[in-house]
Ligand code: NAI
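Listed next as structure tokens is one chain, alone, in the form predicted on its own.
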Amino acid sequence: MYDLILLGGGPAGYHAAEYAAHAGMKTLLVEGRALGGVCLNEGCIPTKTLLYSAKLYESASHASEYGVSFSGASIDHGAVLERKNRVVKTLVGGIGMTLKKAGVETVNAYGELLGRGKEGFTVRADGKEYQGAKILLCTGSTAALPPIPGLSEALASGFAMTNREILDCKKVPKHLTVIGGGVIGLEMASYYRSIGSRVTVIEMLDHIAGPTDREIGAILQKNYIKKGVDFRLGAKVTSVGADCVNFETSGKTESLKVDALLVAIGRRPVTQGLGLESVGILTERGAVVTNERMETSVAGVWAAGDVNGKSMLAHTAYREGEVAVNNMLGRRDVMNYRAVPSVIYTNPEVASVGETSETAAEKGLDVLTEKLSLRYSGRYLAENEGGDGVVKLLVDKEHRTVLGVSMIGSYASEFIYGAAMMVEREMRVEQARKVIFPHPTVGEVLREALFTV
């Protein structure tokens, strides 16, 4: 009999399992594929590995702007993939060792809830049945596939790919078309354009980067266009052929003949085949319904990570897993989504937390806005010839609390956490001004914005 059985070994699952085990719970983790989930095996980590290689290649190609010269630069896509696989293998192995050290038992199989008895829940995995007093659902998400005519056949033939397949694509396509201008689509567009592919991004909205502040997204788009990426905004894909994609835009129908197609319109929670109906767990639009304590509609069952559909980010999943375990242990804890940072790891990077100009307007918030060029930073100017990065600060006009920060530029992903702390703690501008920023850093521009707002 286990105190806790977790279904899914992604960021929510493996972190919560270790956390629970250290708290004294007898813990079993059931994972059908590989430890680390989508994030480590098919998302965050492999993508960043590819993007870093592309960034080095771009830097080498423009080295003369910084007074450095050498005879040519080239990139070996096959070698990049090999390194990506080594990085993933190392980290997956590290998670396995960490869980073992913490005393977590693991089963490499898909798990299914069979029902609930007097003592707890029954889970079947790898032909065996396991008993658990509590259950934590952490089964993550998978690529959302729209009902586009011809897409199923294109996926079967390999012409079309999701985030999973493109990370192991051995051949660099001459022309890659990406359906979806969100995080996944933009990061892959960034990599393949950097290594030589002609790239077209088809986006249904009139802007890229989804909920990112529109002004920041526009700067990112301008950088992409400068690199040669073609955008078709306000466009709806109508069908996919054996070597083409057809779409409508501005009342006209267009067709692009391409070498490869990436479908990146978003993610959907994985809830099928889990046996949720055996215990009556409520779902809504395919996601497991949870409250602020990560409890589901069934006592004794919690859900964390992408499966609840609230915030499909690995760092959100970590925190949700902690909240769930704390409440299992009787330590009251609640999840707050107000200050979850978001990052697009393109070159330049985009990072944001809290309100944007658009969400503030939608909520009727009275805000003060301060926007500063990152060129105020000596380090940014030294490292980014011709860079157009900015930081945008939103402050509540009456109470002068920091409501949101959006930025584009180098190291944005590394110092957005500071802004997240300000939003989370509802810091007033006068309080935030007392924080000492190291010099010279790019992050100092946030301090400058605090003093000018």
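Just count from 1 along the sequence shown to find any residue number. Since the structure is predicted, the reported quantities are computational estimates derived from the model, not experimental observations.
Omitted from view is the form predicted in complex with the named molecule, to which the following refers.
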* Using the partner position in the predicted complex, report whether residue 267 sits within 4.5 Å of the named molecule, counting heavy atoms only. => yes
* Classify residue 217 as contacting or not contacting the named molecule in the predicted complex by the rule of any non-hydrogen atom within 4.5 angstroms, answering yes or no. => no
* Find out whether any non-hydrogen atom of residue 237 is located within 4.5 angstroms of the named molecule in the predicted complex, and reply yes or no. => yes
* Would residue 203 count as a contact of the named molecule in the predicted complex, using a 4.5 angstroms cut-off between non-hydrogen atoms? -> yes
* **Contact check for 351, 420 and 446 against the named molecule in the predicted complex, heavy atom at 4.5 Å** => no
* Determine which one of 341-349, 222-230, 112-120, 131-139 lies within 4.5 Å of the named molecule in the predicted complex, judging by heavy atom distances; exactly one does. => 341-349
* Structure fact -> Picking from 425, 48, 33, 399, the single residue whose non-hydrogen atoms come within 4.5 angstroms of the named molecule in the predicted complex is 48
* **Listed residue (150, 96, 182, 173) with a non-hydrogen atom within 4.5 angstroms of the named molecule in the predicted complex** => 182
* Hey, which residues along 286-320 are within 4.5 angstroms of the named molecule in the predicted complex, non-hydrogen atoms only? -> 312, 313
